[in-house]
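This document opens with one chain alone, in structure tokens, the form predicted on its own.
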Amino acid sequence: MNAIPDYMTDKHRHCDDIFAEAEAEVAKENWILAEQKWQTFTRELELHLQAEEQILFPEFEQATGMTSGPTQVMRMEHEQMRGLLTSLNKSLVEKNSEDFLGFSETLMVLMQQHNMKEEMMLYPMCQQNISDTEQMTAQLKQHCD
């Protein structure tokens, strides 16, 4: 899996799966397992966002000269996600499943829309414009795995 879109899309699916597991444990009010799943999800998500912001997006911006286009929008959406994570963390600490599941629905919709934009547009653009995509994918893997 040396193509940027393949690797990054796989990471999206991995995060989605862990997120669903955390949600399911909160719905059952199994707070210990919910906390473990949630910590795994937030760690994986943050590594993914950092890989994009610190490795992939700067390389794309350097290759294309586009610094205020799609990468700027993605960074703004990353901040929206981080804001929701704060609310979700608070709900989890308070063991408030109703609030948690409400915020998680909002985060899920945001992540689905965000991931679709990256998978359908930005990642293919990265694959086309970054000169050494195998090296880029290796850097992304090293950061995330």
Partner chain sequence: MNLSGLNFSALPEINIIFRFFVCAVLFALGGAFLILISGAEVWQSRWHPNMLAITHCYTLGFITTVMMGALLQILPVIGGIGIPKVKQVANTFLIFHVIGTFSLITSFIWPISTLTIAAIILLFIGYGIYLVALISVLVKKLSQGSSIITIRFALCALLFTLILGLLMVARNLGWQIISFDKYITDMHAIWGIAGWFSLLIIAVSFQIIPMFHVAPEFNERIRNYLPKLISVLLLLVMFSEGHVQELVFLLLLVNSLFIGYLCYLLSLRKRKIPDTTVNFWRLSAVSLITVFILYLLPEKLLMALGVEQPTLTLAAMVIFLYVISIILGMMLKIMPFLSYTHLQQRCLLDFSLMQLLPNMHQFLPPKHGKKLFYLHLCTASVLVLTLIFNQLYLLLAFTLLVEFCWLLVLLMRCKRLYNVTIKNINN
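Remember, it's a predicted structure, so these values are computed and weren't measured experimentally. Residue numbers count along the first chain shown, from 1.
There is also a form predicted in complex with the partner chain; it is not shown, and the following applies to it.
Taken together, the three residues 44, 59 and 138 all stay farther than 4.5 Å from the partner chain in the predicted complex, as judged by their closest heavy atom. Residue contact check for residue 55: none of its heavy atoms lie within 4.5 Å of the partner chain in the predicted complex. In the predicted complex, none of the heavy atoms of residue 35 sits within 4.5 Å of a heavy atom of the partner chain. A residue is said to contact a partner when one of its heavy atoms sits within 4.5 Å of a partner heavy atom; residue 110 meets this definition for the partner chain in the predicted complex. With a 4.5 Å cutoff on heavy atoms, residue 64 counts as touching the partner chain in the predicted complex. Residues of 57-88 lying near the partner chain in the predicted complex, listed in sequence order, are 64, 66, 70, 73, 74, 76, 79, 80, 83, 84, the criterion being any heavy atom within 4.5 Å.
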